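To begin, one chain is listed below as structure tokens, in the form predicted alone.
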Amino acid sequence: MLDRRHFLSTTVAGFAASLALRGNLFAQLEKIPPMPDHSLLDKNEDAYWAEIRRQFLIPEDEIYLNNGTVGSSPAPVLRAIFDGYATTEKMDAQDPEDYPIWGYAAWNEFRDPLAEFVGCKRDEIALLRNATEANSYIANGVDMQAGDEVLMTDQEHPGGEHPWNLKAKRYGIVVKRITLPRPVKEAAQVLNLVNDAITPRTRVLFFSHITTFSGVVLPAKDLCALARTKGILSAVDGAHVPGMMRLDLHELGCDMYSSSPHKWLLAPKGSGFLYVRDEVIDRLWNTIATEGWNDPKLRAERFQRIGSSNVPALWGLRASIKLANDVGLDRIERRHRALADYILAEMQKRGAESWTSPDPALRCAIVSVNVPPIQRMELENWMWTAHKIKIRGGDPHKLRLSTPYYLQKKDIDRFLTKFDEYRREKKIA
């Protein structure tokens, strides 16, 4: 039988704890200073990026080298999310039929800035939750027959690869994989491998713009052009690109593109998008069906009609785009490349085998190195539990080091110092 006194005490304690958490979070945001003025960048670049670092809730003693998995949303984005909740939860829209459920609306106030940011038309973009969801829409939506082939690389994320594996198991299509060099030294290597693997049964070329495994920036524009000349659909997993480097989808020339802005654009978790070139939209079947699924006038909007979902996340997505534009994407990309070049050079001095491309055009903000005999998970756990440094990699010996623009050079140096310390402790030459 439920003890009333125990129930009341635990309920009150839980409510008090939730209030304390709320107060703590808002108190932290109130302490974060305004964004630094751009003039500081010209006067003192290090001071500018140090001020940018203060926009994040990541503790000062923590070093975060894993934007390749998920980014931390800074204060302007978090504030926008809370503003979104404060507005939508009032339920006071002028139209009595209007409710904050974005699954049945165009939400052009969010699609317009996103479309401009990634270089496409509003009607070619659908607001989803992440690249995995968008990749599933692509794989499920393309008509293919048993024996038809999809061609991909051996460095695809599970969220890109497995939608096609499901289609293969269910419908008998063939998934073909090309093995990328480690590292990819030049774009021609990739183009030749893809061209040689295309057969008369190839219907789709699917590849990551930036691979999750090594961080190589594949020659996406040339690959999409190659696919077009062969009459093949091109579908690109762009989970890492928006916010890391400049993106123009029309210039890229792909037929479909997926992304997860919660990585490098620092958008809220659960905000993603699917781009479908206007000429291809009518060839892609819906995966989720509700009102409007068969209305060609909706164009790409019909893919975002998934039922009620999280509108405040879209407020945060819009704020993340504004933040990137305010800081300047060219500045951000230069910063990404400079930090990555520095950590790559330092790791190579320490004898690491680079799986990052030596061609600067084929790398940006992800460095992948092989460091045998170090066991990746042992190092990862030691770095985090003992020194509050978060890294990621792959077994047995690969490290994947991400360099978001708010990272400080002193943070990289601290990681390198601890890496050296770990090798000494383990007596690794």
Ligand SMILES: Cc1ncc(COP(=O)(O)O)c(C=O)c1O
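Quick note: we count residues from 1 along the sequence shown, nothing fancier. Just so you know, these numbers come straight off a predicted model, no measurement behind them.
Another form exists, predicted in complex with the named molecule; not displayed. Remarks below refer to it.
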item: Residue 277 within 4.5 Å of the named molecule in the predicted complex, heavy atoms; value: no
item: Touches the named molecule in the predicted complex: residue 260 (any heavy atom, 4.5 Å); value: yes
item: Residue contact check: residue 210 to the named molecule in the predicted complex, 4.5 Å heavy atom; value: yes
item: is_contact(residue 404, the named molecule) in the predicted complex, heavy atom dist at most 4.5 Å; value: no
item: Heavy atom contact within 4.5 Å of the named molecule in the predicted complex, the stretch among 127 to 135, 222 to 230, 105 to 113, 183 to 191; value: 127 to 135
item: Among the candidates 235, 239, 267, 244, the residue which, in the predicted complex, approaches the named molecule to within 4.5 Å (heavy atoms); value: 239
item: Listed residue that, although the named molecule is not shown, lies within 4.5 Å of it in the predicted complex (heavy atoms), from 121, 79, 157, 203; value: 157
